[in-house]
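Before any questions on how it binds or moves, here is one chain, the form predicted on its own, in C-alpha cells.
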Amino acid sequence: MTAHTSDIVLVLAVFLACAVEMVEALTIVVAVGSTRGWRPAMQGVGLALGALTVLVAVFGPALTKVPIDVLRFVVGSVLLIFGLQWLRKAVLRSSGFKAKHDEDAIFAETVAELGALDRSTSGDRQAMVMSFKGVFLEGLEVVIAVLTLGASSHRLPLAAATAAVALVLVAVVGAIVARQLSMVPENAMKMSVGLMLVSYGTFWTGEGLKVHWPGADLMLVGLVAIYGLGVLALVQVLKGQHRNLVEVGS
C-alpha cells in the first residue's frame, strides 16, 4: 500500500514537472518552425535530445552505485532547493507580485528575434541553435527531475517512462493547439510541482538522516497537504499586502 502511494506521488511529480518544462520548450520550437521553417527547428530538437540522452546514459547508472542513505540525503537537498524555487515563483505570481508566465508573449518575442535574422544559411543555423537551447535547457530540468526522483526511490524506469509519456502527450497536444499554449494553467502546475518536490525533498532528506517517518511512504501525502496549506495561507497574506500596495499607489 505504501509503495503504491509512493509510486503515485512519484508519477504525478515527474509528469507535471516534465509537462511544464516541455510546454516551455515547445513554445520555442513552434516559434522557430513557423518562422524559419521546420528543418532547423527539428535539427535543434534532435541535437538537444541526443545530448540529453548521453547525460542520462552517463549519470543514470552512476547514481545506482551511490550508497542509498547518501543518495537520498543529497537528492533530497537538491529537490528541496528546486522545489522552493518553483514554489517561490508560483506564490509570487499567484499573489500578484510577479507577472504570470505568458507563453504567447514568449512566442511573440522569439518570433521577433527570429525575424531579425537574415534569410541565409547562417540565419538558419542561428535558428537551429535557438531551438537546441530551448529544448536542451528545459530538457535538462526534466533529466534532473527524472534522475533524482527515480534514483532516490529506486524507481528510475518508472520515472523515465512517465517522462516519455509526458513528452508524447505534450508533443501531440502542441501539434494540435500549437498557438494556444497560453491556455495551459502553467502557474498552477508549477505550484503543484513545487509542492511535490519540496515534499519529496523533505522526505528523502529525512530518510538519508535515518528519520523514521510515521506511516512510512504515506507521510509523503501528509507532507504535500501540510506544505499545501502553508502555501495557500501565504498566498492569501501576500495577496492582501499586494492589494494594499496597489491602493496606496493609486
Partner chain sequence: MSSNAPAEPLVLRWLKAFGAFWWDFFVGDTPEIFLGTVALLVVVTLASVVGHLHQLGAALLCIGVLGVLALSVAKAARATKG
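A quick note: this is a predicted structure, and the numbers were derived from the prediction, not measured. Numbering follows the first chain given and starts at 1.
One more form of this protein exists, namely the form predicted together with its partner chain; it is left out here, but the text below deals with it.
A.B. asks: Within 4.5 Å, heavy atoms only, which of L158, L92, L147, L167 is in contact with its partner chain in the model of the complex?
C.D. replies: Contact residue from the list: L92.
A.B. asks: May I ask you to state whether T202 is within 4.5 Å of its partner chain in the model of the complex, using heavy atom distances?
C.D. replies: T202: contacts its partner chain in the model of the complex.
A.B. asks: Quick check on R88: any heavy atom within 4.5 Å of its partner chain in the model of the complex?
C.D. replies: R88: contacts its partner chain in the model of the complex.
A.B. asks: Do E141 and its partner chain share at least one heavy atom pair within 4.5 Å in the model of the complex?
C.D. replies: Yes, contact at 4.5 Å.
A.B. asks: V56: heavy atom within 4.5 Å of its partner chain in the model of the complex?
C.D. replies: Contact check for V56: no, nothing within 4.5 Å of its partner chain in the model of the complex.
A.B. asks: Using a 4.5 Å heavy atom cut-off, are F73, L80 and K210 all in contact with its partner chain in the model of the complex?
C.D. replies: Yes, because F73, L80 and K210 each have a heavy atom that approaches its partner chain to within 4.5 Å in the model of the complex.
A.B. asks: Which residues in 223 to 245 have a heavy atom within 4.5 Å of its partner chain in the model of the complex?
C.D. replies: Going through 223 to 245 in order - heavy atoms within 4.5 Å of its partner chain in the model of the complex - the hits are L223, I226, Y227, G230, V231, L234, L238, Q241, L245.
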